[in-house]
Structure formats: C-alpha cells, structure tokens
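Shown below, as structure tokens, is a lone chain in the form predicted alone; questions about how it binds or moves come after it.
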C-alpha cells in the first residue's frame, strides 16, 4: 500500500481512504482528525513539470493509487510572483525584504485556493467509488467542489449561508450541481449540511482538518522550494478556518524528513518553519480577539481553548465569515510556535488597498485576498517584517465573483 492514515488523537492506523470513508471519516476512538503517512520515503520530483496538473507532477507525494483517477482542470502549479511594489513599501519604512505572492486566483478550476483541495478530494472520492458528496461553504469551497465533483461525475450539494454572494450562487449553479441557501448564517448552513449527511447517508466534508484538504494544501511548501528555491521566513494569509497554515506546517515536516535523507536538496539545518502572520478583517475577527486576550494574559495554561464565537458580524466578505473559530486550538499554538502572530485590518479600508493594487500591479484580487494584502502593510507598519525576510502572501481568490467589491474599488478616490 502506498499510504495509510493515522489518528492524531489515539495514534491508531487506518488502512487507506477507503477504510476512512467507510468508518464515517473518523477513527475507532470517535475522533476525526487524522493525517496521511506514506509507506515509502517521500521524494521531490527531479524534473520540471511537463503538465499543469499538480496531482500528476506530485503524484508520488499524494494519497492516490492510480493516475487514472486524477480529476484535474490544470490547477495547482501556479506562479509564485515577486512583487516589487510591496518590497518598495517595506523599504520606505526601512525594511529590506523579498515579497512573493502565491497567485491562487490563477488556478484553472474556479480561480481560488480551494481548487487544489477540491481536485484531490474529487480524485480520491472517484478512486473509492463515492457517488454523492456535500459540504457547507461560505463561497470558494462551494464553487471549487462543485466544479471538480461535476467533472468526476459525483452528485454534490452545497449548503450556503444567507450572506453568500449572488455571483457565487450563480457559479455553483453553472456547474449543474445543487446549492441550498440557508435562512441563517454559516452555522445554520453547517447544521443543515450535517442533517442532510445523516438523514440521506451522503458523504460530507469534515471541514478544516479534513486530511484530503491538508494533504493537497501542504504542497504549497514544496512549490515554494521549487519556484523560490527556499522556504519563506514569513507566511501570511487571511484566515477563517485555518486549514492552510496547518497544511503548510505538514508540508514543512515532510520536507524536514526528506532533507534528513538528503532528498530535498536542502540542508536540514536551513529548514525553518516560517513565522505565521494570519490576518482577519475587523468585522469578523474572533481569532485575533482570542489571541489578543492570550497575549495580554501572558499565555496562561489552556489559553488556546479560550475563544468566543461572534454573534453579530457585519462583514461583507462571505468567504471569511467563520464567526466561531473552532480550529483556533490547533491554529493558534502553531502560530505561537512559529514566532508569528495575528493581525487585524479594517474592512472599510480594503477598497483603498484595491485601488493601490490596480495602480501598482494592474490587477485586482478578491476581497479575502485583499485582507491578506492589507495585512502586509499592517505588518510592516507594526515592525513584524524584518530586514532579510522572505515573505509569502498566500492569496485566496480573484475578483470575478465579487462585483460589489469591484464597485467599491471603482468608487475609491
């Protein structure tokens, strides 16, 4: 067997994704947080990619038995660009650094960072004969999974909160898949998805610790090594649930193992986990609030479990509406271990940053990506970026499904 899964709680081994799915995506101990482990030493591909599909290029590093089951739109192997305008801003504040942007908006599936997760999920589901799937989503995941399950011939239902953007609803419907819009927020949509899963025996995404999401997104670390020749010293992104930081850390651990055998081309001593700077907008910032309280209290015992759900959020950024930060107990300790922090940006200021991006780069990313972009300026202003840093901004999505944000940017003086 190429791989197996291991429960992060009790250490039990699960044979493969077929067994994992048959067990209801949980271990016998009742927990649903498992990681993929490989039965042979991992090795990075030695040749340049001959195909745009990350699943084909990194096939040896993925939990797929047959290339015949790959479901792809050519996603994943997207450019990591060096952006001089951000470097110039840092230099104007006395900080000499390199700044790279991971252009997830150029993914060929639906144009968001959810495409790599949806592609691997659809491939594994196809490999194990799954016929129907569902999940709750605020936007990007809903569209991405609709796109790839449709391509795999898997029936799919997205459950969405009442704040979902109409452009996103239209994008899901164009795939021919089904969407159910809740009368309530994201919490209500998740409850409806869970009930549908239970009542109809339909497989459901288990959310931010889903090993399929972790395993695909961890390849961002390998892509940094391939395109930048190194890992960044700072990793930044807008955060809602927090899958991507957990995934990057797993990719880092995999690279450490490869480096210890001399297989990654890197000196093990040179591998360092990047400082993770995670950004939220002030209209939905539960992780930032919890982090600020922990910092003020000196991180007392159990600090990572001290967080509160927000009940009156006013954000217009539908894909960043995770008001109950259930993944905080996993994400926050990782941020602290990395030497990083959480940053808050003003949602009302995002159109101004959008105007700056149009002026300096000639493009406009989506509002969640702009949260990360604005976070870079905030991080520089607050001394969180240092001389000699290599900063990676992991952007989320393009602006195709956010006409409202484009309008605000156009109005910006």
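Since we're looking at a predicted model, the values are computed, not measured. Positions refer to the first chain, counted from 1.
Same protein, other form: the form predicted together with a small molecule, not shown, and the subject of what follows.
- Contact check for residue 208: a non-hydrogen atom falls within 4.5 Å of the small molecule in the predicted complex.
- Contact check for residue 126: every heavy atom lies farther than 4.5 Å from the small molecule in the predicted complex.
- Residue contact with the small molecule in the predicted complex: residue 237 places a heavy atom within 4.5 Å of it.
- Although the partner is absent here, residue 216 sits far enough away that none of its heavy atoms falls within 4.5 Å of the small molecule in the predicted complex.
- Of the listed positions (159, 113, 148, 291), a single one reaches within 4.5 angstroms of the small molecule by any non-hydrogen atom in the predicted complex, namely 113.
- Only one of 277, 143, 119, 319 lies close to the small molecule in the predicted complex, with a heavy atom inside 4.5 Å, and it is 319.
- With the partner omitted here, the stretch from 241-249, 164-172, 195-203, 86-94 that lies within 4.5 Å of the small molecule by heavy atoms in the predicted complex is 241-249.
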